[in-house]
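Coming up are structure 1 and structure 2: the same protein chain in two forms, each one given alone as C-alpha coordinates.
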Structure 1
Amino acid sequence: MTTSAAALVLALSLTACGGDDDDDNASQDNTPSGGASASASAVSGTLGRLQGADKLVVGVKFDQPGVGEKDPATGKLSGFDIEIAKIIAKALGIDSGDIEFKETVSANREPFIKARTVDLVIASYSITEERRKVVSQAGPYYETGQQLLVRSDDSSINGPDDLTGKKVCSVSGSTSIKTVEEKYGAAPAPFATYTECVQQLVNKSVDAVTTDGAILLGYAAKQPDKVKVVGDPFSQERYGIGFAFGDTQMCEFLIDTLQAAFDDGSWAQAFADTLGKSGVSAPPVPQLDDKC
(Lines of atoms letter the chains of each structure in order from A and count residues from 1; the text may use other names and numbers.)
(Lines give C-alpha, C1' and ligand atoms only; values in the text may rest on other atoms or scores of the structure.)
Protein backbone atom coordinates (compact mmCIF):
# COMPACT_ATOMS: atom_id res chain seq x y z
CA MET A 1 0.00 0.00 0.00
CA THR A 2 1.37 3.42 -0.92
CA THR A 3 1.71 6.16 1.64
CA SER A 4 -1.11 8.09 0.04
CA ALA A 5 -3.35 5.06 -0.14
CA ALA A 6 -2.63 4.38 3.51
CA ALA A 7 -3.47 8.00 4.24
CA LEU A 8 -6.78 7.59 2.42
CA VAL A 9 -7.69 4.48 4.37
CA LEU A 10 -6.70 6.15 7.64
CA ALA A 11 -8.62 9.29 6.82
CA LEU A 12 -11.74 7.38 5.88
CA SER A 13 -11.49 5.30 9.03
CA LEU A 14 -11.17 8.40 11.17
CA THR A 15 -14.00 10.07 9.32
CA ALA A 16 -16.29 7.13 9.80
CA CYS A 17 -15.81 7.53 13.56
CA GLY A 18 -16.47 11.27 13.46
CA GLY A 19 -19.62 13.27 13.94
CA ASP A 20 -21.79 15.25 11.55
CA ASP A 21 -20.65 18.47 9.94
CA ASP A 22 -21.88 20.87 7.28
CA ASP A 23 -20.03 19.02 4.53
CA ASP A 24 -22.16 15.93 5.07
CA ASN A 25 -25.34 17.82 4.32
CA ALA A 26 -23.90 19.78 1.43
CA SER A 27 -22.49 16.70 -0.26
CA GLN A 28 -25.90 15.06 -0.37
CA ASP A 29 -27.40 18.12 -2.06
CA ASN A 30 -24.90 18.73 -4.82
CA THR A 31 -22.29 16.07 -5.46
CA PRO A 32 -19.93 16.72 -8.39
CA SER A 33 -18.79 13.12 -8.35
CA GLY A 34 -22.32 11.92 -8.75
CA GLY A 35 -21.42 8.25 -8.55
CA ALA A 36 -20.50 8.34 -4.87
CA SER A 37 -22.04 5.33 -3.23
CA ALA A 38 -24.72 5.51 -0.59
CA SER A 39 -22.25 4.23 1.98
CA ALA A 40 -20.12 7.30 1.38
CA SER A 41 -22.73 9.39 3.16
CA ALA A 42 -21.46 7.85 6.40
CA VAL A 43 -18.21 9.77 6.03
CA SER A 44 -17.70 13.46 5.71
CA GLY A 45 -16.17 16.05 3.45
CA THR A 46 -14.73 15.78 -0.03
CA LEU A 47 -12.75 12.68 0.91
CA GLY A 48 -15.87 10.92 2.09
CA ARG A 49 -17.84 11.85 -1.03
CA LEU A 50 -15.11 10.45 -3.22
CA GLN A 51 -15.17 7.06 -1.51
CA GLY A 52 -16.65 4.77 -4.12
CA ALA A 53 -17.18 7.65 -6.55
CA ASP A 54 -17.15 6.83 -10.24
CA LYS A 55 -15.39 10.06 -11.18
CA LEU A 56 -13.35 12.97 -9.91
CA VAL A 57 -14.30 16.45 -11.14
CA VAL A 58 -11.33 18.78 -11.43
CA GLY A 59 -11.34 22.41 -12.51
CA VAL A 60 -8.40 23.23 -14.79
CA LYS A 61 -7.33 25.88 -17.28
CA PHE A 62 -7.74 25.03 -20.97
CA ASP A 63 -5.50 27.75 -22.41
CA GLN A 64 -2.12 27.46 -20.72
CA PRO A 65 0.37 25.35 -22.72
CA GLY A 66 2.44 23.09 -20.49
CA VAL A 67 0.22 23.80 -17.49
CA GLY A 68 -3.34 23.05 -18.60
CA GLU A 69 -4.23 23.09 -22.30
CA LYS A 70 -6.99 21.56 -24.41
CA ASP A 71 -6.14 20.63 -27.97
CA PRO A 72 -8.97 22.14 -30.07
CA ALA A 73 -8.61 19.42 -32.70
CA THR A 74 -8.56 16.34 -30.50
CA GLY A 75 -10.03 17.63 -27.26
CA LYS A 76 -7.10 16.06 -25.41
CA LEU A 77 -5.86 17.82 -22.31
CA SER A 78 -2.21 18.11 -21.38
CA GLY A 79 0.00 19.95 -18.93
CA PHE A 80 1.55 19.79 -15.49
CA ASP A 81 -1.74 20.53 -13.70
CA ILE A 82 -3.37 17.70 -15.63
CA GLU A 83 -0.64 15.30 -14.46
CA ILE A 84 -1.05 16.45 -10.85
CA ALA A 85 -4.77 15.70 -11.14
CA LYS A 86 -3.94 12.18 -12.32
CA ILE A 87 -1.64 11.67 -9.32
CA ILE A 88 -4.41 12.72 -6.93
CA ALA A 89 -6.98 10.53 -8.69
CA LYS A 90 -4.70 7.49 -8.49
CA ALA A 91 -4.27 7.97 -4.75
CA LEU A 92 -8.07 8.11 -4.45
CA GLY A 93 -8.39 4.86 -6.38
CA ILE A 94 -10.00 6.60 -9.36
CA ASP A 95 -8.76 5.80 -12.86
CA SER A 96 -7.33 8.72 -14.81
CA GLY A 97 -9.91 8.04 -17.51
CA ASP A 98 -12.61 8.78 -14.95
CA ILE A 99 -11.46 12.33 -14.27
CA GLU A 100 -13.90 14.93 -15.59
CA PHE A 101 -11.93 18.04 -16.40
CA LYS A 102 -14.07 21.16 -16.24
CA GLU A 103 -12.73 24.44 -17.58
CA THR A 104 -12.18 27.12 -15.00
CA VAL A 105 -11.04 30.68 -15.47
CA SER A 106 -9.39 32.77 -12.80
CA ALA A 107 -12.63 34.46 -11.78
CA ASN A 108 -14.71 31.33 -11.17
CA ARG A 109 -12.32 29.11 -9.22
CA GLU A 110 -13.64 30.04 -5.77
CA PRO A 111 -17.30 30.01 -6.92
CA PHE A 112 -16.85 26.55 -8.48
CA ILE A 113 -15.42 25.16 -5.25
CA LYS A 114 -18.06 26.79 -3.05
CA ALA A 115 -20.91 25.61 -5.31
CA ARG A 116 -19.34 22.12 -5.53
CA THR A 117 -19.30 22.38 -9.30
CA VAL A 118 -15.92 20.69 -8.97
CA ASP A 119 -14.26 18.50 -6.35
CA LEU A 120 -10.87 20.15 -6.76
CA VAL A 121 -9.31 23.07 -8.59
CA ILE A 122 -5.83 22.49 -10.03
CA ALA A 123 -5.44 25.51 -12.29
CA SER A 124 -2.22 27.53 -11.75
CA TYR A 125 -4.00 28.52 -8.55
CA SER A 126 -1.66 30.55 -6.40
CA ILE A 127 -1.99 30.14 -2.65
CA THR A 128 -2.91 33.41 -0.96
CA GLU A 129 -4.17 34.31 2.48
CA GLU A 130 -7.17 36.05 0.93
CA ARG A 131 -8.20 32.91 -0.96
CA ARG A 132 -7.70 30.80 2.14
CA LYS A 133 -10.43 32.83 3.83
CA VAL A 134 -13.04 31.33 1.46
CA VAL A 135 -11.57 28.03 0.19
CA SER A 136 -8.88 25.62 1.33
CA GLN A 137 -5.65 25.21 -0.65
CA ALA A 138 -3.17 22.34 -0.21
CA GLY A 139 0.41 22.67 -1.37
CA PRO A 140 2.34 24.21 -2.84
CA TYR A 141 2.94 21.53 -5.46
CA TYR A 142 4.89 23.99 -7.60
CA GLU A 143 6.64 27.27 -6.98
CA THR A 144 7.09 29.77 -9.74
CA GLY A 145 7.27 33.52 -10.17
CA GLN A 146 7.29 36.26 -12.75
CA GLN A 147 9.91 35.58 -15.42
CA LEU A 148 10.78 36.59 -18.95
CA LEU A 149 10.37 34.89 -22.31
CA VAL A 150 12.66 36.13 -25.11
CA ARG A 151 13.65 34.97 -28.59
CA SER A 152 16.09 32.06 -28.58
CA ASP A 153 18.76 34.08 -30.38
CA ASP A 154 18.51 37.09 -28.05
CA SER A 155 21.36 37.37 -25.55
CA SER A 156 20.65 40.99 -24.58
CA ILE A 157 17.96 40.20 -22.00
CA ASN A 158 18.88 37.91 -19.13
CA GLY A 159 16.74 39.30 -16.35
CA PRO A 160 14.50 42.20 -15.36
CA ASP A 161 17.43 44.60 -14.96
CA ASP A 162 17.94 44.41 -18.74
CA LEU A 163 14.43 45.66 -19.55
CA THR A 164 14.95 49.43 -19.50
CA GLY A 165 13.41 50.78 -22.71
CA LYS A 166 12.56 47.29 -23.97
CA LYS A 167 9.06 46.53 -25.28
CA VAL A 168 7.58 43.92 -22.97
CA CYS A 169 4.25 42.20 -23.54
CA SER A 170 1.81 40.78 -21.03
CA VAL A 171 -1.95 40.57 -20.67
CA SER A 172 -3.70 43.92 -20.42
CA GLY A 173 -4.21 45.05 -16.85
CA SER A 174 -1.99 42.36 -15.33
CA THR A 175 0.23 43.04 -12.35
CA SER A 176 3.13 41.57 -14.34
CA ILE A 177 3.14 44.35 -16.92
CA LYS A 178 2.86 47.03 -14.22
CA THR A 179 5.84 45.54 -12.39
CA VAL A 180 8.20 45.60 -15.38
CA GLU A 181 7.10 49.13 -16.26
CA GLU A 182 7.23 50.64 -12.77
CA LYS A 183 10.20 48.75 -11.30
CA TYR A 184 12.38 48.04 -14.33
CA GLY A 185 11.60 50.82 -16.83
CA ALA A 186 10.18 48.61 -19.58
CA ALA A 187 7.89 49.97 -22.31
CA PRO A 188 4.60 48.09 -21.78
CA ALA A 189 3.01 46.39 -24.79
CA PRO A 190 -0.28 44.90 -23.55
CA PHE A 191 -2.29 42.34 -25.52
CA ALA A 192 -5.43 40.38 -24.71
CA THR A 193 -3.80 36.94 -24.34
CA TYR A 194 -0.40 35.40 -23.72
CA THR A 195 -0.65 33.60 -27.04
CA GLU A 196 -0.84 36.96 -28.81
CA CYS A 197 2.15 38.18 -26.81
CA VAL A 198 4.22 35.17 -27.82
CA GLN A 199 3.27 35.69 -31.46
CA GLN A 200 4.37 39.35 -31.19
CA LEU A 201 7.66 38.16 -29.71
CA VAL A 202 8.30 35.68 -32.50
CA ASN A 203 7.43 38.38 -35.06
CA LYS A 204 9.91 40.74 -33.33
CA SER A 205 7.23 43.32 -32.55
CA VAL A 206 8.14 43.11 -28.85
CA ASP A 207 11.36 42.20 -27.05
CA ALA A 208 10.03 40.02 -24.25
CA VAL A 209 6.91 38.50 -22.69
CA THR A 210 6.37 38.35 -18.94
CA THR A 211 4.06 36.43 -16.57
CA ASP A 212 4.41 33.35 -14.30
CA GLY A 213 7.43 31.27 -15.25
CA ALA A 214 5.33 28.10 -15.42
CA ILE A 215 3.17 29.61 -18.17
CA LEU A 216 6.22 30.83 -20.08
CA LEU A 217 7.88 27.40 -19.85
CA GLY A 218 4.81 25.96 -21.53
CA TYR A 219 5.19 28.29 -24.50
CA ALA A 220 8.93 27.58 -24.62
CA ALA A 221 8.15 23.85 -24.68
CA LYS A 222 5.98 24.33 -27.78
CA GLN A 223 8.58 26.38 -29.67
CA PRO A 224 12.00 25.62 -28.13
CA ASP A 225 13.78 26.68 -31.31
CA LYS A 226 12.19 30.13 -31.26
CA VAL A 227 11.78 31.26 -27.64
CA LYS A 228 13.36 30.62 -24.24
CA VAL A 229 12.81 31.52 -20.58
CA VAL A 230 15.62 33.58 -19.04
CA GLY A 231 16.56 34.74 -15.57
CA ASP A 232 15.40 33.79 -12.11
CA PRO A 233 11.83 34.44 -10.91
CA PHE A 234 11.46 37.95 -9.52
CA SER A 235 8.24 37.32 -7.60
CA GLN A 236 6.82 34.27 -5.85
CA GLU A 237 3.75 32.27 -6.83
CA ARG A 238 2.92 29.05 -4.97
CA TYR A 239 0.48 26.82 -6.86
CA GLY A 240 -1.93 24.88 -4.66
CA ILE A 241 -4.90 22.53 -4.97
CA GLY A 242 -8.20 24.19 -4.09
CA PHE A 243 -11.07 22.42 -2.35
CA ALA A 244 -13.91 23.02 0.12
CA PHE A 245 -13.14 25.44 2.93
CA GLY A 246 -12.20 23.89 6.25
CA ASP A 247 -12.05 20.28 5.02
CA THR A 248 -9.24 19.11 7.28
CA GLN A 249 -9.28 15.47 6.22
CA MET A 250 -8.98 16.36 2.53
CA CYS A 251 -6.18 18.74 3.41
CA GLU A 252 -4.21 16.01 5.19
CA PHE A 253 -4.85 13.55 2.37
CA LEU A 254 -3.64 15.96 -0.32
CA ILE A 255 -0.52 16.91 1.63
CA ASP A 256 0.36 13.23 2.15
CA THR A 257 -0.31 12.45 -1.53
CA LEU A 258 1.85 15.31 -2.78
CA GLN A 259 4.66 14.35 -0.41
CA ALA A 260 4.49 10.77 -1.69
CA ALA A 261 4.67 12.06 -5.28
CA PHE A 262 7.74 14.11 -4.40
CA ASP A 263 9.38 11.07 -2.77
CA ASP A 264 8.62 8.41 -5.40
CA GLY A 265 9.57 10.51 -8.43
CA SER A 266 6.11 10.78 -9.97
CA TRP A 267 6.08 14.57 -9.45
CA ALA A 268 9.43 14.91 -11.23
CA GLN A 269 8.19 12.68 -14.06
CA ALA A 270 5.07 14.85 -14.41
CA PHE A 271 7.30 17.90 -14.77
CA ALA A 272 9.58 16.17 -17.30
CA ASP A 273 6.57 15.16 -19.42
CA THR A 274 5.16 18.70 -19.56
CA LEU A 275 7.04 21.86 -18.57
CA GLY A 276 10.34 20.00 -18.80
CA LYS A 277 9.95 19.83 -22.57
CA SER A 278 11.14 23.45 -22.64
CA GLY A 279 14.61 22.10 -21.85
CA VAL A 280 14.79 22.99 -18.17
CA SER A 281 15.33 20.45 -15.41
CA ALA A 282 12.77 19.85 -12.69
CA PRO A 283 13.21 22.39 -9.89
CA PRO A 284 13.64 21.34 -6.26
CA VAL A 285 10.41 20.08 -4.76
CA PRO A 286 8.64 22.79 -2.79
CA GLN A 287 8.19 22.70 0.96
CA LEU A 288 4.60 21.76 1.65
CA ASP A 289 2.53 23.82 4.06
CA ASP A 290 1.47 21.80 7.09
CA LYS A 291 -2.04 23.23 6.93
CA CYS A 292 -4.56 24.43 4.35
Structure 2
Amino acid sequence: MTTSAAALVLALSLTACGGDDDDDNASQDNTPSGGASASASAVSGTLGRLQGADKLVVGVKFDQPGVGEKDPATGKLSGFDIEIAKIIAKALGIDSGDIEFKETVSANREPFIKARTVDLVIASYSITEERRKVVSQAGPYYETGQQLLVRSDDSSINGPDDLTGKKVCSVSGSTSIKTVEEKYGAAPAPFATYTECVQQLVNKSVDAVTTDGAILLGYAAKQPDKVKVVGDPFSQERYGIGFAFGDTQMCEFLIDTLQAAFDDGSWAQAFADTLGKSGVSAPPVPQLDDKC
Protein backbone atom coordinates (compact mmCIF):
# COMPACT_ATOMS: atom_id res chain seq x y z
CA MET A 1 0.00 0.00 0.00
CA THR A 2 2.67 2.48 1.09
CA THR A 3 4.97 1.41 -1.71
CA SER A 4 2.30 1.89 -4.36
CA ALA A 5 1.39 5.30 -2.92
CA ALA A 6 5.04 6.31 -3.05
CA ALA A 7 5.27 5.08 -6.63
CA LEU A 8 2.19 7.12 -7.52
CA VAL A 9 3.60 10.25 -5.95
CA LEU A 10 6.88 9.69 -7.77
CA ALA A 11 5.07 9.22 -11.07
CA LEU A 12 3.08 12.40 -10.48
CA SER A 13 6.12 14.47 -9.59
CA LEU A 14 7.91 13.20 -12.70
CA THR A 15 5.04 14.23 -14.98
CA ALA A 16 4.89 17.54 -13.16
CA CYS A 17 8.54 18.21 -13.92
CA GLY A 18 7.91 17.27 -17.53
CA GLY A 19 5.12 19.87 -17.63
CA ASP A 20 7.34 22.62 -16.32
CA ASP A 21 9.99 21.61 -18.76
CA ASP A 22 7.63 22.18 -21.69
CA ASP A 23 6.95 25.73 -20.56
CA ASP A 24 10.52 26.68 -19.86
CA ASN A 25 13.03 25.30 -22.24
CA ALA A 26 11.77 22.40 -24.33
CA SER A 27 11.72 24.50 -27.49
CA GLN A 28 15.38 25.43 -27.32
CA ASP A 29 16.82 22.26 -25.97
CA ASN A 30 16.37 18.68 -27.08
CA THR A 31 17.95 16.90 -24.14
CA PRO A 32 16.44 13.53 -23.28
CA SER A 33 13.78 13.59 -20.57
CA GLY A 34 16.15 12.53 -17.75
CA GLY A 35 18.47 15.50 -18.22
CA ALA A 36 15.55 17.83 -18.87
CA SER A 37 13.82 17.07 -15.59
CA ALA A 38 17.07 17.68 -13.74
CA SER A 39 17.32 21.15 -15.29
CA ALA A 40 13.61 21.79 -14.61
CA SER A 41 14.04 21.13 -10.90
CA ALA A 42 16.73 23.81 -10.87
CA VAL A 43 14.08 26.29 -12.10
CA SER A 44 12.35 25.78 -8.73
CA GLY A 45 9.04 23.97 -9.39
CA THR A 46 5.75 25.64 -8.68
CA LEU A 47 7.31 28.75 -7.19
CA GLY A 48 9.42 29.44 -10.28
CA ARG A 49 6.39 29.01 -12.50
CA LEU A 50 4.18 31.22 -10.36
CA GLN A 51 6.44 34.17 -9.56
CA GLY A 52 5.21 37.03 -11.70
CA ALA A 53 2.89 34.67 -13.61
CA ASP A 54 -0.29 36.14 -15.09
CA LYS A 55 -2.59 34.08 -12.91
CA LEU A 56 -2.84 31.94 -9.79
CA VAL A 57 -5.40 29.15 -9.55
CA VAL A 58 -6.69 28.61 -6.01
CA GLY A 59 -9.14 25.94 -4.86
CA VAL A 60 -11.61 27.34 -2.30
CA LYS A 61 -14.97 26.45 -0.76
CA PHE A 62 -18.01 28.26 -2.13
CA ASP A 63 -20.47 27.43 0.65
CA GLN A 64 -18.87 28.50 3.92
CA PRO A 65 -19.83 32.02 4.97
CA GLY A 66 -16.95 33.91 6.53
CA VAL A 67 -14.42 31.31 5.34
CA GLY A 68 -15.00 30.92 1.62
CA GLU A 69 -18.35 31.85 0.13
CA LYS A 70 -19.62 32.75 -3.32
CA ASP A 71 -22.54 35.16 -3.36
CA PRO A 72 -25.08 33.45 -5.64
CA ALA A 73 -26.46 36.79 -6.83
CA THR A 74 -23.29 38.72 -7.60
CA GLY A 75 -20.81 35.84 -8.02
CA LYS A 76 -18.47 37.70 -5.65
CA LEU A 77 -16.26 35.67 -3.33
CA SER A 78 -15.63 36.57 0.27
CA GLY A 79 -14.16 35.03 3.39
CA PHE A 80 -10.99 34.53 5.39
CA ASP A 81 -9.60 31.88 2.99
CA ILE A 82 -10.14 34.29 0.08
CA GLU A 83 -8.20 37.03 1.93
CA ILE A 84 -5.35 34.59 2.62
CA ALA A 85 -5.25 33.76 -1.10
CA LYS A 86 -4.94 37.49 -1.88
CA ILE A 87 -2.03 37.81 0.57
CA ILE A 88 -0.20 34.90 -1.09
CA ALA A 89 -0.88 36.28 -4.59
CA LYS A 90 0.47 39.68 -3.60
CA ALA A 91 3.70 38.10 -2.37
CA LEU A 92 4.00 36.28 -5.72
CA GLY A 93 3.57 39.57 -7.58
CA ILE A 94 0.17 38.55 -8.94
CA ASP A 95 -2.69 41.04 -8.92
CA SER A 96 -5.64 39.98 -6.74
CA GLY A 97 -7.85 40.34 -9.83
CA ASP A 98 -5.79 37.66 -11.55
CA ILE A 99 -6.55 34.95 -9.02
CA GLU A 100 -8.77 32.28 -10.51
CA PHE A 101 -10.88 30.69 -7.77
CA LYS A 102 -12.04 27.14 -8.41
CA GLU A 103 -14.56 25.42 -6.17
CA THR A 104 -13.18 22.44 -4.28
CA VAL A 105 -15.33 20.25 -2.06
CA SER A 106 -13.72 18.30 0.77
CA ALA A 107 -13.39 15.08 -1.22
CA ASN A 108 -11.58 16.48 -4.28
CA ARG A 109 -8.91 18.65 -2.69
CA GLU A 110 -6.07 16.12 -2.95
CA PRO A 111 -7.02 15.04 -6.51
CA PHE A 112 -7.11 18.72 -7.60
CA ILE A 113 -3.61 19.33 -6.25
CA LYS A 114 -2.24 16.13 -7.76
CA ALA A 115 -3.79 16.79 -11.17
CA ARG A 116 -2.57 20.43 -11.11
CA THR A 117 -6.14 21.59 -11.56
CA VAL A 118 -5.24 24.18 -8.91
CA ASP A 119 -1.92 25.66 -7.78
CA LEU A 120 -2.99 26.00 -4.15
CA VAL A 121 -5.87 24.81 -2.00
CA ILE A 122 -7.03 27.27 0.66
CA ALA A 123 -10.34 25.71 1.67
CA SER A 124 -10.74 25.18 5.45
CA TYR A 125 -8.16 22.48 4.82
CA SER A 126 -7.09 20.95 8.13
CA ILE A 127 -3.50 19.80 8.38
CA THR A 128 -3.31 16.07 9.12
CA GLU A 129 -0.57 13.46 8.98
CA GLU A 130 -2.67 11.40 6.53
CA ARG A 131 -2.97 14.29 4.10
CA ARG A 132 0.72 15.18 4.38
CA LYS A 133 1.49 11.76 2.90
CA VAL A 134 0.00 12.80 -0.45
CA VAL A 135 0.15 16.62 -0.55
CA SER A 136 2.19 19.30 1.21
CA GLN A 137 0.46 21.66 3.62
CA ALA A 138 1.96 24.94 4.86
CA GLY A 139 0.62 26.57 7.98
CA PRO A 140 -1.40 26.64 10.09
CA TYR A 141 -2.69 30.09 9.21
CA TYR A 142 -5.73 29.61 11.45
CA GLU A 143 -6.54 27.37 14.38
CA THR A 144 -10.09 26.37 15.14
CA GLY A 145 -11.94 23.39 16.56
CA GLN A 146 -15.28 21.69 16.53
CA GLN A 147 -17.93 23.87 18.17
CA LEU A 148 -21.71 24.08 18.43
CA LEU A 149 -24.23 26.37 16.77
CA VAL A 150 -27.59 26.65 18.52
CA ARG A 151 -30.68 28.89 18.28
CA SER A 152 -30.16 32.29 19.90
CA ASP A 153 -33.04 31.72 22.34
CA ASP A 154 -31.81 28.28 23.42
CA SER A 155 -29.98 28.26 26.76
CA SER A 156 -30.09 24.49 27.34
CA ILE A 157 -26.97 23.71 25.29
CA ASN A 158 -23.74 25.35 26.41
CA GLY A 159 -21.17 22.76 25.41
CA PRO A 160 -20.75 19.23 24.09
CA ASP A 161 -21.68 17.69 27.46
CA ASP A 162 -25.24 18.99 27.06
CA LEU A 163 -25.75 17.07 23.82
CA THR A 164 -26.89 13.70 25.21
CA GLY A 165 -30.05 12.69 23.36
CA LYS A 166 -30.19 15.95 21.39
CA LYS A 167 -30.52 15.98 17.62
CA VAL A 168 -27.30 17.31 16.16
CA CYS A 169 -26.84 18.05 12.46
CA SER A 170 -23.64 17.82 10.50
CA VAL A 171 -22.52 16.61 7.12
CA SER A 172 -22.85 12.87 6.52
CA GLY A 173 -19.47 11.15 6.74
CA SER A 174 -17.79 14.06 8.57
CA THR A 175 -15.59 13.60 11.61
CA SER A 176 -17.72 16.11 13.54
CA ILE A 177 -20.86 13.99 13.38
CA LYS A 178 -18.90 10.95 14.58
CA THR A 179 -17.51 12.81 17.58
CA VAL A 180 -20.85 14.09 18.89
CA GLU A 181 -22.46 10.69 18.34
CA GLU A 182 -19.75 8.53 19.88
CA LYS A 183 -18.26 10.79 22.55
CA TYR A 184 -21.26 12.85 23.64
CA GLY A 185 -24.25 10.59 22.92
CA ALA A 186 -26.04 12.92 20.52
CA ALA A 187 -28.60 11.63 17.98
CA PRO A 188 -26.98 12.27 14.60
CA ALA A 189 -29.00 14.03 11.89
CA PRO A 190 -26.91 13.82 8.72
CA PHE A 191 -27.46 16.32 5.90
CA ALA A 192 -25.62 17.03 2.67
CA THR A 193 -24.40 20.57 3.46
CA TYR A 194 -23.92 22.87 6.46
CA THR A 195 -26.35 25.36 4.94
CA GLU A 196 -29.07 22.71 5.12
CA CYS A 197 -28.11 21.98 8.72
CA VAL A 198 -28.43 25.64 9.69
CA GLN A 199 -31.84 25.75 8.00
CA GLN A 200 -32.96 22.71 10.01
CA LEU A 201 -31.72 24.43 13.16
CA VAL A 202 -33.72 27.57 12.43
CA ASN A 203 -36.71 25.31 11.58
CA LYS A 204 -36.35 23.70 15.03
CA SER A 205 -36.00 20.25 13.47
CA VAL A 206 -32.57 19.82 15.08
CA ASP A 207 -31.15 21.20 18.34
CA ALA A 208 -27.61 22.01 17.26
CA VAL A 209 -25.24 22.10 14.30
CA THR A 210 -21.62 21.09 14.71
CA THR A 211 -18.45 21.51 12.66
CA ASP A 212 -15.33 23.72 12.80
CA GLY A 213 -15.92 26.87 14.80
CA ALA A 214 -14.71 29.05 11.91
CA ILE A 215 -17.53 27.82 9.67
CA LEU A 216 -20.14 28.20 12.42
CA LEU A 217 -18.95 31.77 13.19
CA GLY A 218 -19.64 32.60 9.56
CA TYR A 219 -23.23 31.40 9.84
CA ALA A 220 -23.67 33.22 13.16
CA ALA A 221 -22.39 36.43 11.53
CA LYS A 222 -25.04 36.05 8.82
CA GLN A 223 -28.07 35.64 11.10
CA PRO A 224 -26.97 36.85 14.55
CA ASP A 225 -30.60 37.22 15.70
CA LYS A 226 -31.37 33.56 15.03
CA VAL A 227 -28.28 31.48 15.80
CA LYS A 228 -25.20 31.69 18.02
CA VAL A 229 -21.97 29.75 18.65
CA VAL A 230 -21.64 28.33 22.16
CA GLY A 231 -18.90 26.64 24.19
CA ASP A 232 -15.19 26.20 23.71
CA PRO A 233 -13.73 24.24 20.80
CA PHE A 234 -13.61 20.53 21.67
CA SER A 235 -11.19 19.40 18.97
CA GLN A 236 -8.23 20.98 17.24
CA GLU A 237 -8.24 21.84 13.55
CA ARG A 238 -5.31 23.68 11.98
CA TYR A 239 -6.03 25.17 8.57
CA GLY A 240 -3.13 24.99 6.12
CA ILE A 241 -2.42 25.83 2.49
CA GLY A 242 -2.24 22.72 0.31
CA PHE A 243 0.09 22.38 -2.69
CA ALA A 244 2.08 19.79 -4.65
CA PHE A 245 3.76 17.13 -2.55
CA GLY A 246 7.38 17.71 -1.61
CA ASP A 247 7.81 21.19 -3.13
CA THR A 248 10.25 22.51 -0.54
CA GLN A 249 10.82 25.93 -2.10
CA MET A 250 7.08 26.59 -2.27
CA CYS A 251 6.81 25.49 1.33
CA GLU A 252 9.48 27.92 2.51
CA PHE A 253 7.95 30.72 0.48
CA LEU A 254 4.47 30.14 1.96
CA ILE A 255 5.76 29.96 5.53
CA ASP A 256 7.72 33.20 5.05
CA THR A 257 4.71 34.90 3.47
CA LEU A 258 2.37 33.84 6.28
CA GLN A 259 4.88 34.94 8.92
CA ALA A 260 5.16 38.33 7.22
CA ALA A 261 1.36 38.63 7.16
CA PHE A 262 1.23 37.85 10.90
CA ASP A 263 3.90 40.45 11.60
CA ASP A 264 2.62 43.34 9.47
CA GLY A 265 -1.02 43.04 10.60
CA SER A 266 -2.51 42.04 7.27
CA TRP A 267 -3.51 38.67 8.75
CA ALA A 268 -5.38 40.35 11.63
CA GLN A 269 -7.01 42.73 9.14
CA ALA A 270 -8.15 39.79 7.00
CA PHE A 271 -9.72 38.21 10.08
CA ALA A 272 -11.43 41.42 11.14
CA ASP A 273 -12.92 41.86 7.66
CA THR A 274 -14.40 38.36 7.55
CA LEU A 275 -14.84 36.06 10.56
CA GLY A 276 -14.41 38.99 12.94
CA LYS A 277 -17.80 40.29 11.84
CA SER A 278 -19.58 37.71 14.01
CA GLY A 279 -18.36 39.68 17.02
CA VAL A 280 -15.39 37.62 18.19
CA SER A 281 -12.00 39.23 18.57
CA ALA A 282 -9.04 38.02 16.52
CA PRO A 283 -7.44 34.88 17.95
CA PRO A 284 -3.73 34.85 18.81
CA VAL A 285 -1.41 34.35 15.87
CA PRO A 286 -0.87 30.64 15.26
CA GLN A 287 2.55 29.04 15.57
CA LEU A 288 3.66 27.97 12.08
CA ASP A 289 5.04 24.49 11.47
CA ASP A 290 8.65 24.56 10.30
CA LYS A 291 8.02 21.74 7.82
CA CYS A 292 5.37 21.01 5.20
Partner chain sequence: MNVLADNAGEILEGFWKTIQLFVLSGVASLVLGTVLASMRVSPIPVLRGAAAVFVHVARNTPLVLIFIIFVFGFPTVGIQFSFFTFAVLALTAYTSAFICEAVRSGINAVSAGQAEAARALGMTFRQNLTLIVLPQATRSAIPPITNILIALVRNTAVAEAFGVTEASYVMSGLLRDHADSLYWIFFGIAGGYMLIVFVLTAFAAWLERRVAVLR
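Residue 1 is the first residue of structure 1, and the numbers go on in sequence order from there. Please read all numbers here as calculations on a predicted model, not as lab measurements. Take the two forms, find the largest set of C-alpha atoms that superpose within 1.5 Å, and that set is the rigid core.
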Form predicted together with its partner chain - structure 1 or 2: 2
Co-membership of residue 63 and residue 135 in a rigid part between structure 1 and structure 2: yes
Swing of the smaller rigid portion against the larger one between structure 1 and structure 2, to the nearest whole degree: 11
Distance moved by the residue 189 C-alpha between structure 1 and structure 2 (core-aligned, Å): 3.2
